[in-house]
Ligand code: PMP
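Below you'll find only one chain, the form predicted alone, shown as structure tokens.
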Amino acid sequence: MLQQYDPKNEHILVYINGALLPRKEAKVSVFDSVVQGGDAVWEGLRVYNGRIFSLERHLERLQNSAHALAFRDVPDSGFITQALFKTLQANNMRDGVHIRLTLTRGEKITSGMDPRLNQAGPTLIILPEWKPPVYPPEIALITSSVRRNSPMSLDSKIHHNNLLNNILAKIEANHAGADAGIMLDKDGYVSEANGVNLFCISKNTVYTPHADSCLPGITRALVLELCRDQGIPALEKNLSITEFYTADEVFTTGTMGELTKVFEIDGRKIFNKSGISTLEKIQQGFKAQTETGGTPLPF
């Protein structure tokens, strides 16, 4: 799986602290915290049929992450929403769009780690692109040797830009010819893949790892809610990699890739012994939500 360049994105306008800049001119200072230390938080959002999907949940997580990192002068939801509207309207984007929303700690007065050097306030970046879901219909995974951070190291509840832990797992997956790498926690239980949450289905019951060392993703939460609403048993529990090998169905969730079937893990094919696809039912429910849910665009 490798995302491809779309020529439609050649002339997009990118929002940086109030200014709409052409792609080639959209830059931040070398003194910005995101450059100096990956000191930023971010969200990925999708636009479906003139609506920004799950906008409120994404903004809440962005602001919570910024608060946990002690950012100062964090813009409120109303301000960010209007900036999103402005950016999408300037690009005439209403569907088939992915937005990378980033809030950095801002520009420093001199290079260094100390947040007291940040005296100009945060930098808000809105990068919209024409981009369909990035995964093919089915993907293969491998188990990475890179462990997912636990809260004793760097809490995954903070949706931060320092992604080297995940990038190392993705490098392993690339070398193995797989689409993503499964990251285990410090005790050897499955946590998540390097960029998406994981689910398995056994005997028509849906399971997903506890969100101890993984990001409790917004799409992950929507899937659990869908299961509850559709009467599908769903549990969070510690899961070993063997339980994924032997599951009837395995799938990933995330804004970038939506819900994606996994056909193989570490060379083990995933066989649906039940003969019933619970995943297809969940996928249909999720698709229905994207067709009607979200914050309407005012243009």
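Numbering starts at 1 and runs along the sequence shown. Given the structure is predicted, the values throughout are model-derived calculations rather than measurements.
FYI, the form predicted together with the named molecule isn't displayed, but the following is about it.
Of the candidates 142, 139, 215, 80, 215 is the one whose heavy atoms come within 4.5 Å of the named molecule in the model of the complex; the others do not. Note on the partner interface in the model of the complex: the residue among 197, 149, 91, 102 having a heavy atom within 4.5 angstroms of the named molecule is 197. Using a 4.5 angstroms limit between non-hydrogen atoms, residue 61 touches the named molecule in the model of the complex. At the 4.5 Å threshold, heavy atoms of residue 48 stay clear of the named molecule in the model of the complex, well away from it. Although the partner is absent here, residue 33 lies well away from the named molecule in the model of the complex, with no heavy atom inside 4.5 Å.
For the chain shown alone, residue 260 is not a contact residue for the named molecule in the model of the complex, no non-hydrogen atom being within 4.5 angstroms.
Heavy atoms within 4.5 Å of the named molecule in the model of the complex are found in one stretch of 199-207, 217-225, 173-181, 107-115, which is 217-225. For the stretch 37-54, the set of residues having any non-hydrogen atom within 4.5 angstroms of the named molecule in the model of the complex comprises only 42.
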